[in-house]
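A single chain, nothing else alongside it, follows as structure tokens in the form predicted alone.
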Amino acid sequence: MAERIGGADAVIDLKPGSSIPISYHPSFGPHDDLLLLEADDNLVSDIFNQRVTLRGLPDEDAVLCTKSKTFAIKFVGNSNSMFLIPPSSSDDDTNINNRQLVSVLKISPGNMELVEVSPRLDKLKQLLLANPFGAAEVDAMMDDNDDDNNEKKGVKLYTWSDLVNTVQASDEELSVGLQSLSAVEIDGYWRVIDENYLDVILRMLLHNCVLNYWSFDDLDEDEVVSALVADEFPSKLASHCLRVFASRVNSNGTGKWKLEPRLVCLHFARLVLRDEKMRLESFMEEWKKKIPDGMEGRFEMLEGEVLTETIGIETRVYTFSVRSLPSTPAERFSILFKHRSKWEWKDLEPYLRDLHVPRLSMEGLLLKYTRRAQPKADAPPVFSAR
């Protein structure tokens, strides 16, 4: 009987302790384009239904993204030989003395492993903050006949497709990242609004509230947008201002909004401080002058945005925003402990609460990156670099 080459079907149901003859496939070789990938059942379903993408630029390690998660791809070596056996063709199955024979196409030294990781959103922040949308662009935006644009002026802007191809994050994680930056899509490009220009819109909105006797807790979106458009603000940015500083009163689509005191007060605190250090008393005095009547500014609102330092009998306050910190834990903790060698938990926690690392709790993060000390049983714990 002539020997013919068999395929993978012969080994699928092979019982433990059984054996089967093997041979080299006629196309046996290194086949560097063939890699083994280990994945759980949910990921296998996404892969076979083409619901995954590989993302990353040529100089980056690629990640695999599903609709909602990001996975690092790591190679895991194996000391045992792993044979890659191709599927059978219609005439592949054969017997030799009633024993099937299969052919080996490649011997694999290991396999690729998927490990869930946090989305790499620092690049998103870097890209969008490089060219914020400011007052200088408003005239061009309002003029429908102006065919000039920032792309022609050498300013790099990013569509959703550009961001998907550039930022290593799933679609859902990318959407959350855009929301956390208060980004808005303008003429097909995702932009962050310049803080000074956003301040102008907010002040006009607050002015209109006083002028029209609008309650901060019951703002009608159509009325607010119409009033701001009458003041020559683009309707897109008028609506965006509500989304930055307010929340919907309910979710039934009535278009009612409520200004959030913390968000409004935090905005004015940033404007007062800028990059300066101020005496706490002076800051509180200036801050309260900026806050609109009907709202109360409390220092607790500024957690994760400002820090204080005491020199002698004087306490100073300065900007130190969690928004400026990297999203990777190692880099985050490195910057925090360069800024302060020791942190009390009440000061440290606001700078960690936005960190979400798969399979690692907050306690795990602290154990990995910090040392905890507690001089007395009733004293607050103090954290330093590990």
Partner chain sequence: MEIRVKCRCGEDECSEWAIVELQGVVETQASFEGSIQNLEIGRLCHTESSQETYTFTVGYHELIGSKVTLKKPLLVLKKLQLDDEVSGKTTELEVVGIIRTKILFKTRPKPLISGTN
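Here the structure is a predicted model, which means the values were calculated and not measured. Positions refer to the first chain, counted from 1. What we label the rigid core is the largest C-alpha set whose atoms superpose within 1.5 Å from one form to the other.
Beyond the structure shown, there is the form predicted together with the partner chain, which is absent from this document and is the topic of what follows.
- Partner proximity in the predicted bound form, defined as non-hydrogen atoms within 4.5 angstroms of the partner chain, places exactly one of 338-346, 319-327, 30-38, 351-359 at the interface: 30-38.
- Checked against the partner chain in the predicted bound form, the candidates M295, A72, V192, V164 yield a single residue with a heavy atom inside 4.5 Å, and that residue is V164.
- A heavy atom within 4.5 Å of the partner chain in the predicted bound form is found for exactly one of P86, P132, G304, P261: P86.
- For the three marked residues, P21, V44 and Q50, a heavy atom of each sits within 4.5 Å of the partner chain in the predicted bound form.
- T310 falls outside the set of residues with a heavy atom inside 4.5 Å of the partner chain in the predicted bound form.
- Contact between V184 and the partner chain in the predicted bound form is not found at the 4.5 Å heavy atom cutoff.
- Within 4.5 Å of some heavy atom of the partner chain in the predicted bound form lies at least one heavy atom of N78.
- The closest non-hydrogen atom of K376 lies beyond 4.5 Å of the partner chain in the predicted bound form.
- Contacts to the partner chain in the predicted bound form (heavy atom within 4.5 Å) from stretch 357-380: none.
- Once both forms are overlaid on the rigid core, the distance between the two CA positions of I22 between the shown form and the other one is 2 angstroms or more.
- After superposition on the rigid core, the Cα of E363 moves by less than 2 Å between the shown form and the other one.
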